[in-house]
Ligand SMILES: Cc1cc2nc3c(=O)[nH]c(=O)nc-3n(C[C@H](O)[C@H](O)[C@H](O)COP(=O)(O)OP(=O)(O)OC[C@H]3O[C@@H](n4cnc5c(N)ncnc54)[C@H](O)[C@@H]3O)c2cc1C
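One chain is shown next in structure tokens, namely the form predicted on its own.
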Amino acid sequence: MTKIVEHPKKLVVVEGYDITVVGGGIAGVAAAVAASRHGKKVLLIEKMFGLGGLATLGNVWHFLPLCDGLGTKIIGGVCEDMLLLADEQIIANKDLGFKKKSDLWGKDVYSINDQTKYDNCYNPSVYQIQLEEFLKSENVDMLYDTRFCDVIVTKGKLSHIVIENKDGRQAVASKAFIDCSGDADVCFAAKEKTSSLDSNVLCGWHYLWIDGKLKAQKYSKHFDYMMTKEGSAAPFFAGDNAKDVTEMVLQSRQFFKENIAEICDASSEKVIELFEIPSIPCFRATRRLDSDYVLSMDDCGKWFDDTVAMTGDWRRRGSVYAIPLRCLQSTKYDNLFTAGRCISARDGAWDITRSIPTCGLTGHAVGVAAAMISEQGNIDIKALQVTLKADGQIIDKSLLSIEN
């Protein structure tokens, strides 16, 4: 492979931020808001032109339950705020004309009472704008069309990240950094140990306009919950490989055309149009941190002294997992954290932690952890747990005793 040396550049340094969050998906938004609520100046960068990641740009419009599937609520805090935001489907600027969600997304079963689920379905286009308003209201600065490029280490500390956008290549200085890229991009650049997955299947939620009505199409090839190829349907793709990313997008879009053709063949009289497709590739998992502790399905019901979050298994009623800080923090740099689908979790646990609620609650946890380390230079785990509980995060060992 031929290589050339790029001419060295002097980078303009963007200063004034305590914490920089890379990625504006559900995890990134939650992390940024949590850190800002604790008095920190936060910058969130996002390479696309919308917030929410797969939850919006990927059209995955189901905010999975904040409970254990049996009616016991186990997720609160910023994540719950974000679910309630989806429940409203009314943004602050009434002039834009958004009303309560339509029948298509009207599956509202969230309740603070004794219902068996705490979840919601929402309009992903409206939710993008709601998330923007949410960040603005929480005093978070944001840059769209901005790609993370590299890290800079100074005196053994992660001191800057390198970004690139219309203003050119720059370095952002911060006291702490949070990797919510979904692909562990910051961890990888920081030479952390990471693991990659190449068993992603074709997937792409999209919408069809059929006889004057909007119909959601939750398309996915069969996949194994343990994230293996053996139990999944080929072809397979790796989300950290440029050619695979492109090929998955192209093949998924080819399926949309085939899907329309099949419906037309079954009902030739129907008028069908492709209405909305995902604007990002719909990978379930790509690359993740591989820290000193990797969460697995064997940890169901297990308590950790450094637990900072708890989640259910959206696939199995009654299963509850505690998530330790060790799965969310770099082993090389104590001021680098990760949240969302690239935390340190493997196999079936990776499939659990990639879900929208777990992205939100891990984002909340690391947002507060980053705020603490940016202020004190270290983390007192007991103090962190107390702070998270005061924020509404549920950290309760007794919830692990629920029958699986």
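Residue numbers here begin at 1 and follow the sequence given. This is a predicted model, so every value here is computed, not measured.
The next section is about a form of this same protein that is not shown, the form predicted in complex with the ligand.
- Looking at residue 321, you'd find every heavy atom of it more than 4.5 angstroms from the ligand in the model of the complex.
- The ligand is not shown here, but in the model of the complex it comes within 4.5 Å of a heavy atom of residue 284.
- Remark: residue 147 counts among the residues lining the ligand in the model of the complex, judged by a heavy atom distance of 4.5 Å or less.
- Within this chain, residue 205 lines the site of the ligand in the model of the complex, having a heavy atom no more than 4.5 Å away.
- Taking a 4.5 Å heavy atom cutoff to the ligand in the model of the complex, the contact residue among 345, 359, 366, 33 is 359.
- The stretch from 259 to 267, 228 to 236, 139 to 147, 296 to 304 that comes within 4.5 Å of the ligand in the model of the complex, counting heavy atoms only, is 139 to 147.
- Residues of 17 to 31 lying near the ligand in the model of the complex, listed in sequence order, are 22, 23, 24, 25, 26, 27, 28, the criterion being any heavy atom within 4.5 Å.
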